[in-house]
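One chain comes next, on its own, written out as structure tokens in the form predicted alone.
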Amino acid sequence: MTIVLGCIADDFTGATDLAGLLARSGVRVSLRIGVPDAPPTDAAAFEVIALKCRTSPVAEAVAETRKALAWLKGAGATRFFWKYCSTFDSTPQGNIGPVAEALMRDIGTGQTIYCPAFPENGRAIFMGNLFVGEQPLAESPMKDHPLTPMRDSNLMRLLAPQVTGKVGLVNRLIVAQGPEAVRARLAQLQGEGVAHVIVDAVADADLYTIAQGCQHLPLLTGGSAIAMPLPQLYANGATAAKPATQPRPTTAKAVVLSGSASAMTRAQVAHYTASRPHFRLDPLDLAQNGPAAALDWLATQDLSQAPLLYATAEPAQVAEVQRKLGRAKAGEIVEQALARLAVAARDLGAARIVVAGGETSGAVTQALAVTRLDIGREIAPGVPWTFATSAGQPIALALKSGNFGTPSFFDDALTALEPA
């Protein structure tokens, strides 16, 4: 099978989000965890490589994504997609812009677009400004993100310090005129030396217009939603048979792990703890004593009740922990603890694992030594169940970006995957 599109995602929840939306088309999608060591013997039409580089040092993120690009090019891909969060999670140093510029150089293209819009999940871009629901990004709960606090809503201002080339805009009025208008505006901007182009989108129809207008570009970047039209455009509407799926777990034993501090995850934790067994992880206690208490508690639980272990907290609590431990160390301690708990839960028989938070999902997936995932049904837009093998056992993973889902998401996920 020829690779129609090679995709690189900056975290694991973003990768499953992207793979799930692409899989809606019926075209075969392969999701690989990390860059494979060898060329593929069973490449899919759409290949997605999940990295854990959203908050890595810039040089490390660039090196990892270039390595992924080289693998995809070696496997025959000629079109590429760089996927990041629909809330443009980044810092003034990167990693969105520096990675995009590095990929552009390696591919040999002088222009690309940036479109993190995801209208189905309330992410819209208008006149270059990103909105979360009806709130500008910088006024949304993302302003308090523990690792990438978003203090500006204007994507052009956010991107400009991260790149060396000029930044421009294809605004909503141009998008409304159709694909040819988008293409013409891109050509005009390229003539003006603009390499990095923010593109407005407020509805799903805009995404299809943009995708059509950008078919000539070998590299697109954005949130997962802008990739939804690509199977139809790139694969000529044809579908390929899906691969044989990995064995599905048949046990109801499950565990829910939450490291995200987003507003939606806080609502999900509050909803779930009202009726389910739960244990709160204190990062300060973890720093001194490790996760022994949580491991002991987990060992006493009836996993058919899907207990929750969480470090999710209010922004003020997170800030206080970061002040005492440092931002990076605070996050690392929580990720390592939840990763150990995931392995312990698996060894206790949990075959269904729900994880909230991109960094947490990356740590958990790596600890479980998962290298490839099959994509299952969506629980919520952008969040599918996925299937893998860990330590010789079939497991199901739901990897949720912090802001995705509704307050009942954890219950919804478990209900959506009843034992076979």
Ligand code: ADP
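Numbers for residues come from their place in the sequence shown, where the first is 1. The term rigid core refers to the most C-alpha atoms you can superpose between the two forms while keeping them within 1.5 Å. Worth saying up front: this structure is predicted, and the values here are computed from it rather than measured.
What comes next is about the form predicted together with adenosine-5'-diphosphate (ADP), which is not displayed.
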*asked:* So if I measure heavy atom distances to adenosine-5'-diphosphate (ADP) in the predicted bound form, which of the stretches 153-161, 306-314, 215-223, 189-197 falls within 4.5 Å?
replied: 306-314
_Residue among Leu72, Ala294, Leu137, Val321 with a heavy atom within 4.5 Å of adenosine-5'-diphosphate (ADP) in the predicted bound form_ = Val321
*Since exactly one of Ser260, Asn95, Ser86, Gln268 fits, which has a heavy atom within 4.5 Å of adenosine-5'-diphosphate (ADP) in the predicted bound form?*
Ser260
*Does the 4.5 Å heavy atom contact test between Ser401 and adenosine-5'-diphosphate (ADP) in the predicted bound form come out positive?*
yes
*Is Ala330 close to adenosine-5'-diphosphate (ADP) in the predicted bound form, meaning a heavy atom pair under 4.5 Å apart or at it?*
yes
*Give a yes or no for Asp206: in the predicted bound form, does one of its heavy atoms lie within 4.5 Å of a heavy atom belonging to adenosine-5'-diphosphate (ADP)?*
no
*adenosine-5'-diphosphate (ADP) contact in the predicted bound form: Thr365, any heavy atom under 4.5 Å*: no
*Counting only heavy atoms and a 4.5 Å cut-off, does adenosine-5'-diphosphate (ADP) in the predicted bound form sit next to every one of Ser30, Glu47 and Gly76?*
no
*Heavy atom within 4.5 Å of adenosine-5'-diphosphate (ADP) in the predicted bound form: which residues of 278-299 qualify?*
Pro283
*Tyr310 C-alpha shift between this form and the one not shown of 2 Å or more, rigid core reference*: yes
*On a core-based superposition, does Val321 travel 2 Å or more at its Cα between this form and the one not shown?*
yes
*Examine Pro283 after superposing the rigid core and state whether its CA is displaced by 2 Å or more between this form and the one not shown.*
yes
